[in-house]
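Below you'll find only one chain, the form predicted alone, shown as structure tokens.
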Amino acid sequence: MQALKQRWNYLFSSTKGLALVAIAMISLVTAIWGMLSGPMVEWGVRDVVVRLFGMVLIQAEREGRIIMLYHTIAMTVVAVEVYFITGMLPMKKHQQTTINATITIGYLTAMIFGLLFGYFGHNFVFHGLFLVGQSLVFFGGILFAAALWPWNKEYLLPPESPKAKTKKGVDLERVAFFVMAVATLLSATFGAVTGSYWGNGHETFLGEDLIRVPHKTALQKAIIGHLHIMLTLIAVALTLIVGNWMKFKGIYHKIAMPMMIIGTIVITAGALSVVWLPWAHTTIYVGSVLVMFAALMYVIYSWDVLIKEGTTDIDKPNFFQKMTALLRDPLKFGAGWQMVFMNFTVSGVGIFMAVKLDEIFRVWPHRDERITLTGHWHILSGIIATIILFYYADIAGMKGKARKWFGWIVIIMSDLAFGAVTVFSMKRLFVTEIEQQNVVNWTMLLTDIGLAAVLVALAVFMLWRLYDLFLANGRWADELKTERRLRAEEEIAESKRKLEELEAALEEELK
């Protein structure tokens, strides 16, 4: 019983344990629900899975099921990022505990009952519990934003700090985290208000199905804006997380943080104003440029750090020595590389589509433009997932050959899949419909191979962590002890600070 209690404490009270549970839940859902689409339909696997689990799949309800599935996964990803942030930024321990507990109960409730409602018959008690879970996640977000308040004097930076700050010492990185959290709450509210009109002026749809509809309702535009901004804010949060991971500082940090703060505000305002303003997309482009520029500053800084760390024993390293140093750690290199690669498969494609929309893409058949948009969002989501895996694998203690194999498999094979999807989605630029089959065949084959390899690597990684949980003195035990020690040290430091403040107040009173 004591052994079970210790493992429970690890999984649901430590940062690494909470992240492990959430990633495991996403992996499980991806493994099962991934069998319902793609080549699994052609191979007959979908039918086997549906019968095995007793799923109820009515074609007319497909859009609603997909929306439910995406929301459960997205909220779990948000939970993972919240765990990372509460674990890396200074805050009161009771705040961290309350936030993590609220988010955890919320996403698990929403995921379990949301999927039960969407795929196993429509018991509306389950739908109600799905909404309860979402509400708890939102409430956890409010607590999270309050804990991040950057103007608290406890979190001011000293004058000698190399990080971006105001004249009064306010940490601009913490401001960026705070702005991201508030923007996420606003954007979630935007989606929730629209969702409250379901069946009363608003019907279920997928965003890519409305691209050729000339007149969209305000509620449809609101959902489109909600889709745009939520994934963007998840990416913003992740950029800040990996920046903290790499100890982002110096001149690049001082340039990046104001850009990230302003960019987040502008892009959020643009996405939410899609409902009312015809030029809202221009605002989104401006905000996107600022955010992407901040990410570029991180990439330059992180790669420079990796090169310097890997060539400390070389007086004048040449190009090949610098490249060897840069590539020696695929996890830390991969976080920046995936951001760079994103420009070729997501950002570049998106900008090209915007510039040539009427000239090229609206001339295509609707199906081809729809494929491009669907691929656009899925690739961005996939890149975000790989960066999360890089960070978690690092804090989970993956080292040596396992670290290199895992890192390079995820980088190479995911990029192979995302690149193939990009070529597939843009194939109409260089091949006619009647001659496209060869392109379709090999791009789909490469996509399947790449994604399968990434999923196998993830499965092996998760099995390693599962095996470790069965060991009496496994890595999990050391991680739990370390986190408890750090918490105790932080609590002692906080008690000393409060005592010093009390003594100073008493001295002032006596004077």
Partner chain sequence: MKRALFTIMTLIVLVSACAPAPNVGAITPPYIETGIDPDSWVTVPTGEFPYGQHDHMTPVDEYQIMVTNVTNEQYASFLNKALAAGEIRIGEVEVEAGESVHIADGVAGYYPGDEFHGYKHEEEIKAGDKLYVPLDEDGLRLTYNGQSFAAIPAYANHPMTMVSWFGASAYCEFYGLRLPSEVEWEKAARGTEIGEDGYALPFPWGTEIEANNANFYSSFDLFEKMFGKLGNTTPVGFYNGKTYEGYETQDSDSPYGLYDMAGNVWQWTGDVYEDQHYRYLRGGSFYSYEVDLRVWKNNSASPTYYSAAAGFRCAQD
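Predicted model, so just to flag it, every value in this text is computed and none were measured. Numbering follows the first chain given and starts at 1.
The same protein has a further form, the form predicted in complex with the partner chain, not shown here; the description that follows concerns it.
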Residue (of P159, G121, P278, G400) lying close to the partner chain in the predicted complex, criterion heavy atoms within 4.5 Å: P278
Only one of L469, A31, A459, L445 comes within 4.5 Å of the partner chain in the predicted complex by heavy atoms, so just point that one out. L445
For the chain shown here without its partner, which stretch in 109-117, 141-149, 355-363, 385-393 has non-hydrogen atoms within 4.5 angstroms of the partner chain in the predicted complex? 355-363
Counting heavy atoms only and using a 4.5 Å cut-off, do L57, T204 and N441 all touch the partner chain in the predicted complex? yes
Wondering, does K322 line up within 4.5 Å of the partner chain in the predicted complex on heavy atoms? no
Using 4.5 Å between non-hydrogen atoms, is I314 touching the partner chain in the predicted complex? no
Heavy atoms within 4.5 Å of the partner chain in the predicted complex: does E435 have any? yes
Evaluate R475 for contact with the partner chain in the predicted complex, applying a 4.5 angstroms cut-off between non-hydrogen atoms, and reply yes or no. no
Enumerate the residues of 206-221 that have a non-hydrogen atom within 4.5 Å of the partner chain in the predicted complex, in sequence order, or give none. D209, R212, P214, H215
